[in-house]
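Single chain ahead, by itself, as structure tokens, in the form predicted on its own.
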């Protein structure tokens, strides 16, 4: 049947259309059924929503995604017909029942996901099934390959390609922004796709964006890597392992991070970068994603085994993630510290972690001992060669290679958080830092952030400034100051009196 288009300037995150409830019943179409919409010699499959009043018989409400795919205009006529139920739903049900999926069944789920044939609810069911039922090694390999095949891939000219990734959770951990130029300055190709912050103050992509554009398409990323043997770009812009981004959008609100999907997510993207050697950082400790050494070792073994099956050599480092790596948190503040550290000043902790990690990578790549690799990394940092390479990357990605520390401004509204008692700092909480910085407006507000005046082990006197908060919004700064009392914990000599 023909229907007249009513455009909705709303993004749904998937292909959806709205039909009049009464007319849909006459056509035996129910909510969440699929229809095939055809216009301008193109067709898409969309999921049906129903309306009692806003859509009249003969009309179809069309959201932004479908309108853009079919180049629709208001009032245009389109052809609608019922679409078949996706076969992948049988595979989803099989996994929910505890069955083991084969290559074709897993591929059908990812293919239907990419074709927008699965609703958010159906995808959430699949993720929940993986969370509760787990996946075999063969299933995990099949899923990783299917996710890898769902997007584009980089084709570096170099014979050997390295990559690095952290599972995250540590405030101010910008070690990637030093590791990439250190390793690249030694002649190794190391393309790096970075994440934006989901719940933290800033992701690597948010901080790198202070220096230069990070939303490069695959073609532009390829040119940068071919020119300078490295890049630091936002993974969401290059359409690599695209199915993973769709699953992440469902996983995050549910706070579901099943191990098989974590393994697939990271290694599919590393494979799409063209990596032969992969170094993964697994921070552990209070407030980190992994709370103990045993869990980290088990995860490391899984990463290494899956990497071998995918033709990559994967090595994992387990690091202390219980405290923030930097004293300065937020896009501009972290960018300033990264630049200062590359200049030979800045953060000792950041430089040390980056050189230790670089040394481990060099031991994988060149057969050096870790100590030899560490010394080589330290030399690249101290000599200014890592800084030179970093600024080359900035220039090729469209930024200003003459950037100065003074270019990174702070929010004009400042709040100080005062210590209410004396004592020794027992803990600085990563999660509380993220919560407060998000209230300040980070990472959207690049000038928002926090300066930690004391770290674990420091002695504090009542009345001293524990934190400085910055924001471009007066109300946000005041609100964040009220929420900041749990960021720094002071050890108490006396717990209670009974």
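Each form is matched to the other, and the largest set of C-alpha atoms that superpose within 1.5 Å is called the rigid core. Positions refer to the first chain, counted from 1. Here the structure is a predicted model, which is why all the values come from computation and not from measurement.
The protein also exists as the form predicted in complex with a further copy of the same chain; that form is not presented, and the subsequent description refers to it.
J.: Are all three of 156, 186 and 379 close to a further copy of the same chain in the predicted bound form, meaning a heavy atom of each within 4.5 Å?
T.: No, none of the three is in contact.
J.: Just one of 128, 111, 363, 195 has a heavy atom within 4.5 Å of a further copy of the same chain in the predicted bound form. Which one?
T.: Checked against the cut-off, the match is 128.
J.: Identify, from the list 237, 309, 89, 318, the residue with a heavy atom within 4.5 Å of a further copy of the same chain in the predicted bound form.
T.: By the 4.5 Å criterion, the partner-contacting residue is 89.
J.: Just one of 440 to 448, 453 to 461, 466 to 474, 36 to 44 has residues with a heavy atom within 4.5 Å of a further copy of the same chain in the predicted bound form, so point it out.
T.: That would be 440 to 448.
J.: Answer yes if any heavy atom of residue 52 is within 4.5 Å of a heavy atom of a further copy of the same chain in the predicted bound form; otherwise answer no.
T.: Result yes; residue 52 sits at the interface with a further copy of the same chain in the predicted bound form.
J.: Any of the heavy atoms of residue 345 lying within 4.5 Å of a further copy of the same chain in the predicted bound form?
T.: Result no; residue 345 lies far from a further copy of the same chain in the predicted bound form.
J.: Although a further copy of the same chain is absent from this view, report whether residue 313 comes within 4.5 Å of it in the predicted bound form, heavy atoms only.
T.: Outside the cut-off, so no.
J.: Can you tell me whether residue 133 touches a further copy of the same chain? I mean in the predicted bound form, with a 4.5 angstroms heavy atom cut-off.
T.: Residue-level check for residue 133: yes, a contact with a further copy of the same chain.
J.: Could you list the residues in 113 to 130 that come within 4.5 Å of a further copy of the same chain in the predicted bound form, counting only heavy atoms and keeping sequence order?
T.: Contacts from 113 to 130: 120, 121, 122, 124, 125, 128.
J.: Rigid core superposed, CA of residue 24 - does it shift 2 Å or more between this form and the one not shown?
T.: The answer is yes; the displacement is at least 2 Å.
J.: Comparing between this form and the one not shown on the rigid core: C-alpha of residue 34 shifted by 2 Å or more?
T.: Yes, the C-alpha moves 2 Å or more.
J.: Does superposing the core leave residue 56 with a CA shift of 2 Å or more between this form and the one not shown?
T.: Yes.
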